[in-house]
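Just one chain follows, in the form predicted alone, and it is written as structure tokens.
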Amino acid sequence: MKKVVIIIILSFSTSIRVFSQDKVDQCLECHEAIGDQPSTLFKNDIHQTKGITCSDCHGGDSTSDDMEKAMSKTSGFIGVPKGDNVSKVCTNCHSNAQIMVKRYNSALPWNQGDLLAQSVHGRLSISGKERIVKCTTCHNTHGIVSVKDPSSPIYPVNLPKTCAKCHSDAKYMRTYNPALPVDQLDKYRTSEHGILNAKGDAKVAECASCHGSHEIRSAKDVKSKVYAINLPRTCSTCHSNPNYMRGYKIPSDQFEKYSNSVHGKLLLEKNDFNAPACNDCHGNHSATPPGVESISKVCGTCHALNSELFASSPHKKAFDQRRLPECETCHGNHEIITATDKLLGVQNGAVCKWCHGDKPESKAFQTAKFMRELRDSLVSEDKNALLLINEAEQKGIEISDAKFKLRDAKQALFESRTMVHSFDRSKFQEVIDKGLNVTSTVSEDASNAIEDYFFRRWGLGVSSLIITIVAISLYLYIRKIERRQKSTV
């Protein structure tokens, strides 16, 4: 009985040994013996831990310790893949949902190869024979680890340096697009995102957070995550998530406010690309909240005259002393509404009242009140002139010249909103007076035209009456003559 048990155990152990020998990757065994770098790196490769052998990528028979048989073309040996064949080898599995899900229980997207081919990196390299980027360009060749592994080149903390291998090489980038800057990494390191990333924070935005990973497209591509209309929503992926942002102690309602702002409505609803998105104010790679000094400089890139007038105004010194952000103090930041007359003056709802409303005796209070009253007078005169023009047109009077001239009053109203930023009564009044002179001239011309219309109507009526009287008189006189002639006959 004991002999039988021993024989069974020996035969079982032999079968296990034979089975295990069948599973040994002979390619790896041989290369480990040589001590080359690929085999050393592959020991920690995620593919090796999943049971993937050398032959799964390089072809051949990894179960054979006979080199000629293992590397025979009849066994499918392809050697070291070159050019686009590298990505094709990767996509043999990574573009096959059944393999990725059923065999490896992977939740990774199965269309990375297609996304890469459609991306800006999928274009032909300068050789014209292969794509600019292959899978191994970012993921490494042997020694590939999970993106969640801190040693991975695409781990969020490491990714900026990985992208910079190409994007910080001026000579290399010039061959593809001389217009692309090569200082993105340096700028990124100055941003809030980059500073935290350098400290090891894997949550903050890095290259892939904004540009995508495999599906990276040109910023001019409508499908790009950083296309002007798409950018605010890209930023909101993190910044509108209260749970994600809680650790950074900043609000998560910026996108909601921006969507309701004059800028957001122009960009997101009317597709006006002149309207600023997040990066226009905060920067791209060097994204950071504008400082107290820089806010007016940021706004001034578009609102140049407003910024220039404010810089020479008495408010500039006062704001600097109190360290108040210039434009933001009155207009807000993300939820900037359309500027209206309600903002000017010392009545309820006016911005000026926030600081000057409780000081009626002050010069600032009187200036704000004066400017609002002066503007109201121009608005009123403009309406009156327009009413007179409309009345004249209804009467069929040609008054197109006066109507065209009234556009100058509209322009004066527009200019006055800009001149408000000077907070100078004389300069503001000069603009308003130009408009008042126009409305006065137009109103006078329209009134004269209407008076002339009535004068001509009365003249026509009187003339018609005289003609009628003369006609009746002639008629009666003729009848009288006719009766006399009949009586003589």
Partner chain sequence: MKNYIQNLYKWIDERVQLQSLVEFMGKKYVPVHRHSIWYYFGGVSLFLFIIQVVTGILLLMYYKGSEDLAFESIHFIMSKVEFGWLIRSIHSWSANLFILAAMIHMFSVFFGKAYRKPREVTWLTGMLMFFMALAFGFSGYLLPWNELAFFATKVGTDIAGDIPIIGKTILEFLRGGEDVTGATLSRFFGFHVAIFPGIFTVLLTIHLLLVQRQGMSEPLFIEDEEKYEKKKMSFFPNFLLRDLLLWLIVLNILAILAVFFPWELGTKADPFAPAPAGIKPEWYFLFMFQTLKYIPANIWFIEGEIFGIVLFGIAGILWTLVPFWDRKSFRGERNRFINYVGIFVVIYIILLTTLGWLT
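Numbering follows the first chain given and starts at 1. Keep in mind the model is a prediction, meaning the values are calculated, not measured. Superpose the two forms; the largest set of C-alphas matching within 1.5 Å is the rigid core.
The discussion below concerns the form predicted together with its partner chain, not included here.
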The unique member of N448, N44, Q37, S464 whose heavy atoms fall within 4.5 Å of its partner chain in the predicted complex: S464
Contact assignment for its partner chain in the predicted complex, among K427, K69, K50, R457, heavy atom within 4.5 Å: R457
In the predicted complex, N271 touching its partner chain (heavy atom, 4.5 Å): no
Close approach of S487 to its partner chain in the predicted complex, 4.5 Å, heavy atom: no
Its partner chain contact at S362 in the predicted complex, heavy atom, 4.5 Å: no
4.5 Å heavy atom contact, S400 and its partner chain in the predicted complex: yes
Whether V470, L474 and I478 all lie within 4.5 angstroms of its partner chain in the predicted complex by heavy atom: yes
Residue stretch of 96 to 104, 367 to 375, 400 to 408, 146 to 154 approaching its partner chain in the predicted complex, non-hydrogen atom distance within 4.5 Å: 400 to 408
Flag for L460, CA shift 2 Å or larger between this form and the one not shown after aligning core: yes
Displaced residue check between this form and the one not shown: G200, CA, 2 Å or over, core reference: no
